[in-house]
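What follows is one chain in structure tokens, specifically the form predicted alone.
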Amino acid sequence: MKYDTIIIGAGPAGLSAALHLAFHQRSVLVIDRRTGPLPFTLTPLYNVPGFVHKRGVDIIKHMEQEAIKAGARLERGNVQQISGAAGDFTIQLESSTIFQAKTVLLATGVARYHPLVAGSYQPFLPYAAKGNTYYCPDCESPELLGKHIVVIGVGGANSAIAEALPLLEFAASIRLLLTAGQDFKPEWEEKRVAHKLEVIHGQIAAIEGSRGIITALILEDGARVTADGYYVSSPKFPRNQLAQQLALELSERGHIKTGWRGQTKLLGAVDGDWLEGVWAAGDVQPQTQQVSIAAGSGNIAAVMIDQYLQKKSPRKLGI
């Protein structure tokens, strides 16, 4: 079977697109390896219309159920290779399973880094977005109102300050725990001093806490770092391996360059010379990483895909 569209990634962007296309009676396959953050987010979200105060895991489950009910198919798997051209794409999974499609939507998102605990990120996972850890200033800053916060710098020292500044509007106090880059550029050091941000240097050796709530971070020198909440400032890298296989043009930070409707282009192509049959949506694009924005971009791409397929082969569904 050749699908009208194969969507790679079952986050808000991919599932929003799947719902629209399935509703328009397109054959849609969504392939997902379940590495996105929402299926593991137990904290409530407050800026997603229609889902205010719902947990991330509940939001994504609901979106998934709606897409499947509309007729989309969901396949769990890791896409290893994508090849072909408009009308005849081949997608191969790690399991060697092969699917074919007329069009493709890349909604592969980004990979975000968690703090290392005794050299491994896994001990932090039971606390990531489970209780009093935070990752997105645009999404979560108001939740920090009146709280004492530690910003964990997983990447550079400068990026830790950059992400701490929006939190200052709401937090009672902020300290920086630098576990990676330690040096500030002069302009960022000036801001740190101006805002009286205390800096703690050290590696995390252990975590005290239970049921997703961190009560203390234990550093290698034995110091206990306590706070009401912990904000993770970490690098976020677009999952662009498949885009590279298709030779798509990427931004300096690795996001897929798109038109406002999710159109993609080959490396070196001029704006407007869009690649036929391939769209991108969600956090893999250079845009603010929020559920509603990702879902909207997925819906826009889906509308364009449906219109493209209409022009290629008009149907007579009512007869």
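Not measured: the values here are computed from a predicted model. Note that residue numbering begins at 1 and tracks the sequence as displayed.
From this point on, the text means the form predicted in complex with a small molecule, which you will not see here.
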Report task. Could you tell me which of 253-261, 272-280, 65-73, 35-43 sits within 4.5 Å of the small molecule in the model of the complex, going by non-hydrogen atoms? Result -> 35-43
Query raised in the report: Any chance Val151, Ala171 and Ile204 all have a heavy atom within 4.5 Å of the small molecule in the model of the complex?
Result: no
Requested in this report: Using a 4.5 Å heavy atom cut-off, state whether Val225 contacts the small molecule in the model of the complex.
Outcome: no
**Report entry** Partner proximity in the model of the complex: Tyr135 to the small molecule, non-hydrogen atom cutoff 4.5 Å
**Finding:** yes
Query raised in the report: Taking heavy atoms and a 4.5 Å cut-off, does Arg175 contact the small molecule in the model of the complex?
Result: no
Query - Contact label in the model of the complex: Ala294 to the small molecule, heavy atom within 4.5 Å - result: yes
Report task. Check each of Gly77, Gly131, Gly155, Gly87 and return the one that places a heavy atom within 4.5 angstroms of the small molecule in the model of the complex. Result -> Gly77
